[in-house]
Ligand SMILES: Cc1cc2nc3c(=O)[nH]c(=O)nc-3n(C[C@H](O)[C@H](O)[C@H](O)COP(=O)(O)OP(=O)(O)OC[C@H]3O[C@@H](n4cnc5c(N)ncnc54)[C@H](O)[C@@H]3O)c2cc1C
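Here you get one chain, nothing else, as structure tokens; it is the form predicted on its own.
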Amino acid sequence: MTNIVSTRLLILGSGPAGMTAAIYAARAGLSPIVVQGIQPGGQLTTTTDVENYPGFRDVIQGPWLMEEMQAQAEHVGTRMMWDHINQVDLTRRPFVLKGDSGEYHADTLVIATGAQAKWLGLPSEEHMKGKGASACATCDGFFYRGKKVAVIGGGNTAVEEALYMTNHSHDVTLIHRRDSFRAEKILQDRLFANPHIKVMWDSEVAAFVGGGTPEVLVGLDIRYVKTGAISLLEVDGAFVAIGHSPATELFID
């Protein structure tokens, strides 16, 4: 028999947006329920140093910040549910959401599902996922301690990940398809001042190159965008950092 949970307010997502909504709703006496999803705490749980959160002069840790947000939300009356929602019916009231562990009926739904990392979309990239291709340096960087790595992108995420990887590697190459970064000036200054980071301008990844038995990433085919010439960059790990897409597949229709 399906377990049905009914609530006045259901919050889908447990990152900063979801927890903030929960705190305000709970303080308003709405007794909200937060369905945490497959990544409780959201992207901040895979982030190490956070230095742009208001109220903290010193660098704080992303996982700690999310633990504090959840504790505050629970303290004021939020109920946490560990489940993954896979079906939503918004054509009737109360709204009906079906998860792996039960069904939820909600008078009001707050969608705070966050975002997911973008990939380049190359067949070779898909093939090398988990074999040297990653979209999260803070998640997987430790595995490349002392090895050659590349970061792909030109925004804040790419520059931050390149800087982070110097904690593990003294040979980091940042690959960017343009001749200037979009990242914040303060991050660019840190990157250019770091002797362990090289930048490949006007360049893009044409293919992820595997080798060995079992197969692992051994390099990247780099295309110089101005001429089309391709060269091999030998690396042990490559981190795609080209931004994020909203995690809204559940509501595609």
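When you see a residue number, it is the position in the sequence shown, counting from 1. Note that the coordinates shown come from a computational prediction; the quantities given were computed from them, not determined experimentally.
Although it is not shown, the form predicted together with this ligand is what the next lines describe.
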Can L12 be called a contact residue for this ligand in the model of the complex at 4.5 Å between heavy atoms? yes
Would you please decide whether R145 lies within 4.5 angstroms of this ligand in the model of the complex, comparing each non-hydrogen atom pair? no
Is there a non-hydrogen atom of A17 within 4.5 angstroms of a non-hydrogen atom of this ligand in the model of the complex? yes
Although this ligand is absent from this view, report whether E160 comes within 4.5 Å of it in the model of the complex, heavy atoms only. yes
Checking T173, S169, T138, S134 against this ligand in the model of the complex, the residue with a non-hydrogen atom inside 4.5 angstroms turns out to be T138
If we test each of A183, L120, A112, A106 for a heavy atom within 4.5 Å of this ligand in the model of the complex, the one that passes is A112
Of these, 32 to 40, 188 to 196, 220 to 228, 201 to 209, which stretch puts a heavy atom within 4.5 angstroms of this ligand in the model of the complex? 32 to 40
Can you tell me which bits of 227 to 253 touch this ligand in the model of the complex, meaning any heavy atom within 4.5 Å? H244, L250
